[in-house]
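Alright, two takes on the same chain below, each alone as structure tokens: structure 1 and structure 2.
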Structure 1
């Protein structure tokens, strides 16, 4: 037994899979201890805020200001404010004005602005340009001038009595605050989702819930499959016929279709995460039952089973001590596969809108569903679906890797 364990942990595939799985598991356990927010609280007004560090503007105005003279500050500011559309518009005008296209680089802010300064002339008429377009260029030129100005911004407050604005201070371009000293800073490594919820917190909670769904579904499926497989295989006869009849019924109807039908008939309100897990478990035991039955049939006529009978053991005792230990490794592998397919089944159901109800807890499938409904993929909000996909992939990948590793230990013929 110890020897087998040692062999298992010497298998590279198993260890890799196990390490990934444990890392994910630890992540879902430790993260909530650090970030204690409820995973479904809406913090952002608006959808799909990109990943990054969010600093409270109001609080930064009140924080200690430091003056930093940074050579590149001005340039950076302009570069970040000059939008992609403006850059393309500038390029268009310059080309129309006769500058060779090869000389213009929209990524090089400095050069682009210099070329603009040198060449732009509001009065110059460019053939084929509409009035509206011309006005747009005049506005663009003004705003570029504004960008280049070195003046600070004025802070004003409305007087409570007169309602007139009174200047309370200025913010110079060289003013800086230390992020450490700003009262409210929020790091959103994965931004927010369509409802304005912190993606990472949600993802961690979803991973945990999905793992639980997978485990519950996997354990239910394995228990049912194992019990039926053992009974059908060992007892045989009419018991076998009866069990195989039910098993065949379930085989003919694909379990996912059955899953969809049952989930649909349960109704959205009744579908908690646990219910969904149970339904998945009750529809996916079939192949475990078949596989266990086949294994048991090949075991039941072995001499050690006969010897156990001759030693006066009862059927239950024989199943538990002479059959079960021999298929235990196999059952563990089946369990791992059932867990990972349970996670996938939940994801599949949720993407179809038949997953757990959306108000309780997030699941990986629900997150995919939300991202899909709010068209995160079309809008290029990768942070709303890519991390979820990667998590699903990593969880199932790690489990399948463990499984392959176990398979190689238990079936020496597969070793490479």
Structure 2
């Protein structure tokens, strides 16, 4: 046993896959101990907040202010507030006013605004421009003047007696606060989803649930396939014919189609994570059964098996002690592949809307489904689906890498 483990952990592919998988597993276990928020808690009153550090504007007003003279700060602020639509509109006016298009760079905020200030004239008549369009450019010019203003923002509050606004302070453009001194700061490295929920917290919980589904489905599928394969391969005869008849029936009907039909018949309210895992397990055992049967047929007439028969040992004893140990490594590899397949099957079901109920717990498939329904890909909200895709890919990649490493260790044809 020790020698076998040493051989396994000498395999570079197995060690790499094992390290990736353990890192993901530890992340799902340790993160909830640090961030104790419920994964489906709505923290943002809006959809798809981009990744970043969020600071309370209200609390930052009462924090200690520091004056920083950063030359680029003004244009950074202007650049962030000048939308792409406004930049294109500025370019269209400048081109219509006779500025060569090659000289206009909408990405260079400072140059673009300089050209606008030097050339824009609200009274200038441009052929083909409607009054509505001209009024739009006038409003845009006033908006740009406000962005270029060097004056600070006035803080005011209503007088309790008269109701009139009274100035209480001013926020200058050179005022900065230290984030660490602001009372309420929230780091959202993956932003929020379409419901305003912390994507990272949700992703960690979803990964944990998907792993549980994969393990439950993989264990069920492997146990069913192993049991049927051992019985069919060793006993043979009518037992083999009956088991293979059932196996062939499941082979003719694609397992994923069968999985869809069963999941649909169960109903949304009854489809918990464990239920989905059981359904996946009971529809994924076919290839394991056929592969185990082929392995057992090659072993049942070996000398040590015949000797055990002559010794009067029972069928169960022979299967468990004389056959199963010889295919144990193959069973482990089959289990790894079944777990990986279970995770992918759940993701496929959930994308179709047939996964676990959405009010229960998140899964990787459900997160993909939510991103698809709310058009995160079309809106360019990459943080709502790309981390999920990467997580699914890394989990399945690590497991397949472990399986390849085990195959190189136990398959004589692949040994160096």
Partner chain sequence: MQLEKKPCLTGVGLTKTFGMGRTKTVAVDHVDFTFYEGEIVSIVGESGSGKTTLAKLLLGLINETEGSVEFLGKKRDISSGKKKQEYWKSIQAIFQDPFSSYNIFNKIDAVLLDCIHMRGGKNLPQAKKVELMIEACKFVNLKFEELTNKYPFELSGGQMQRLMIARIFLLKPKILIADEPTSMIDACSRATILDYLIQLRNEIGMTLIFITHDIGLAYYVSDTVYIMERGKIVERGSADDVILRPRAAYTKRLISDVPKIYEEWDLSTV
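Positions refer to the first chain, counted from 1. Basically, rigid core = biggest C-alpha set you can superpose within 1.5 Å across the two forms. What you see is a predicted model, and the numbers here were worked out from it, not measured in a lab.
Participant: Given the two isolated forms of this chain, which one is the form predicted in complex with its partner chain?
Facilitator: Looking at both copies of the chain, structure 1 is the one that matches the description.
Participant: Would residue 159 count as moving between structures 1 and 2, using a Cα shift of 2 angstroms or more after superposing the core as the test?
Facilitator: Superposed on the core, residue 159 moves its C-alpha 2 Å or more between structures 1 and 2.
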